[in-house]
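Only one chain is given next, in structure tokens, and it is the form predicted on its own.
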């Protein structure tokens, strides 16, 4: 790592767009110890994370890697939470007749396995909202907000944050006063069962009183409140404060969290602590699939397991997720995975031609790292990388090339699994390809339907075809 740091010294500092100020700002440490305090919102562990979730986690991983290259691994403190108590996790445990701990353990381990497959670095700490230590931290914050008059208890024993007690509310999302009313289009939530307990429709829950549908999942609440569980928003504020302190240097997440989650984090944290919560906010955009928003009803919500079952490697998915600028919507297609596999093959072959070291070679890939440090422009970085690769020759070496692979998180040792294609499926595919080459399109269409009925998709290319297990 020392060599990586030395080689990186000549390149520009990391600059990221700040969602709060709407400006491009350099990332820097705010505390005397020089440590970058980095928090990103983690998953709700009630089901497998989909590839849209992993776009955000891969983007966060590249940020983490760039921070380590610039500041050194010892000067980066990365925290990612696990939401293991909320409406979704409790509902899943009740439906399955299992304890909340069993359900969330299962899906936490699945999330970890997917992160490892995608070569994401583990956070330095990964607090759980239901951990007694952090439940206490959440209750303590709510007690402070009650004492300061920023929160109130409702008749059923829940506790709500009083939005109008924080004049700066809405600065992050630019949400207007009229848009905060319950059921508004921007709030994006229909009127809920506990709406009558609020003093104002824009207020949000800090603590939810126990209800029968919660089953055994309840804990002692703040002073004067009923037994119940924390609201989703207070979890991140309390865990971030407990580990990183009252002010952090960078807070990230998907754009879907900008409002209301991150807006609410700012309000409750700054009212409780009396100081700035986060100096820098970064949000990545949505992932589309075949030009449409992902949804179960459309059948386009992919998980990593589904893609690997089709014969695609996790590294191809990681590469595909980096092909678009993180702050712009990215359209994912299965064809993009084929392009990613081809690109990774080219990179493996290129690396094999490089000498171990060459004097001054670290400057060869300067434009790649500069692009990454310039608002995480991953498509520009990949473009600069392949300009060098396609040029061939020059002073590049493996050490400098591997530094770029580290920054992007691309493990070139991981290759696509070989899907076991039954002999009869291969025979059908060969017949269809021959029919297509002979321009017998009627026969080709008939054979494609037979392949589809058998659970296989045949993807045509100019130079041949590939077979994939169809998504179930």
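Definition used throughout: the rigid core is the maximal C-alpha set that superposes within 1.5 Å between two forms. In this text the structure is predicted, and so the values were computed from the model without any measurement. Numbering follows the first chain given and starts at 1.
Missing here is the form predicted together with a small molecule; even so, the following discussion is about that form.
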Quiz item: 50, 65, 436, 403: which sits within 4.5 Å of the small molecule in the predicted bound form by any heavy atom?
Solution: 50
Quiz item: Though the small molecule is not shown, can you say which of 447, 425, 410, 41 has a heavy atom within 4.5 Å of it in the predicted bound form?
Solution: 41
Practice problem: Specify the contacting stretch among 378-386, 333-341, 236-244, 287-295, defined as having any heavy atom within 4.5 Å of the small molecule in the predicted bound form. | Solution: 287-295
Quiz item: Even though the small molecule is not shown here, does residue 256 get within 4.5 Å of it in the predicted bound form, heavy atoms only?
Solution: yes
Quiz item: Honestly, after the rigid core fit, is residue 291 moving at least 2 Å at Cα between this form and the one not shown?
Solution: yes
